[in-house]
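Only one chain is included here, represented as structure tokens and corresponding to the form predicted alone.
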């Protein structure tokens, strides 16, 4: 696996160090860097000057141990070395841009990208937990045992957002639980921090699954927190169908419509669904059966689609 560093990330991290925002950088070294950089402005050719700037920034990125710091975290996940062709680090402009992504190309293989804000290089206490968390996302995505898939078994776009939000929460719970259990004998501050993290996640989980009773919420949350080997399929099933509506043999009030994916109390009368409408539904949902039901809104849409079919001409 090849490690790549975006030029903007390297430059920003080195400037942060040179400006004294990372406490472990000796002032004399920062002065040496500044003098070396000033001399590069004398290079007349713009392309040669830009290349020289990047080479200088990369040299000090390594000199000040930032490259070794990232490499040390990567070694915590040996599966990545054989699973990825490249792992790139790029600069994120805002907090909502941060995170790890996996890109799969049929010819170029799998490549990972981690986006992070420059400010994280100020303190290892901000940088290391973030990297450990995001690289575990990549580790899970490349681990056959986890069984990751990008497919979301919901067609409705707004319902997809709800499902992905739940899934991300469940996945994050299992990741930080595994990270917090890595220290065999945690110190008192570390143990307290882990307890606070668990309480915060439990509050978020209770909010996301408020339709469950307290006993079920506690049971499922504890199972997630103590799961040393979570699986994508299990997390996705909890995210897609938390009420277990798919396992019901008949439509229930508040259950999910198998066509649009929304909760409904307005189920269509199965006996009133004509064969033409049922056939139109099955063209888009081949495994659907009338006994599964459908909300009245969906049935009306498919009934209307039959009326819009061109008339047959008899000559």
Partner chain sequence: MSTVYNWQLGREMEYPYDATYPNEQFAFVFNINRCIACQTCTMACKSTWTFSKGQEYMWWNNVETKPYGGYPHHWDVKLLDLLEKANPEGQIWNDQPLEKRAPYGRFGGKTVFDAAQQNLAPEGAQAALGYLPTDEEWSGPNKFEDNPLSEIKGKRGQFFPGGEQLPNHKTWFFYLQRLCNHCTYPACLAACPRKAIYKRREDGIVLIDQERCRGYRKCVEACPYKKPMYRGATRTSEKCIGCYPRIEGREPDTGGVPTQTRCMAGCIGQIRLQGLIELNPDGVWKENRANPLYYLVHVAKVALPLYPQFGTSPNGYYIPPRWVPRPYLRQMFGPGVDAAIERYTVPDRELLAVLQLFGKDERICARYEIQKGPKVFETTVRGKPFELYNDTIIGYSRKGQEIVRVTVEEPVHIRPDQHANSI
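Remember, it's a predicted structure, so these values are computed and weren't measured experimentally. Numbering follows the first chain given and starts at 1.
From this point on, the text means the form predicted together with its partner chain, which you will not see here.
In the predicted bound form, at least one heavy atom of residue 91 sits within 4.5 Å of a heavy atom of its partner chain.
Taking the partner from elsewhere, residue 269 is found to have every heavy atom lying beyond 4.5 Å of its partner chain in the predicted bound form. In the predicted bound form, its partner chain sits beyond 4.5 Å of every heavy atom of residue 137. Of the heavy atoms in residue 117, some are within 4.5 Å of its partner chain in the predicted bound form. The putative spot formed by 19, 37 and 41 is fully lined by its partner chain in the predicted bound form; each residue has a non-hydrogen atom within 4.5 angstroms of it. Taking a 4.5 Å heavy atom cutoff to its partner chain in the predicted bound form, the contact residue among 150, 105, 95, 75 is 95. Checking 284, 29, 50, 263 for any heavy atom within 4.5 Å of its partner chain in the predicted bound form turns up a single hit: 50. Residues placing heavy atoms within 4.5 Å of its partner chain in the predicted bound form fall in a single listed stretch, namely 42 to 50, out of 42 to 50, 272 to 280, 252 to 260, 65 to 73.
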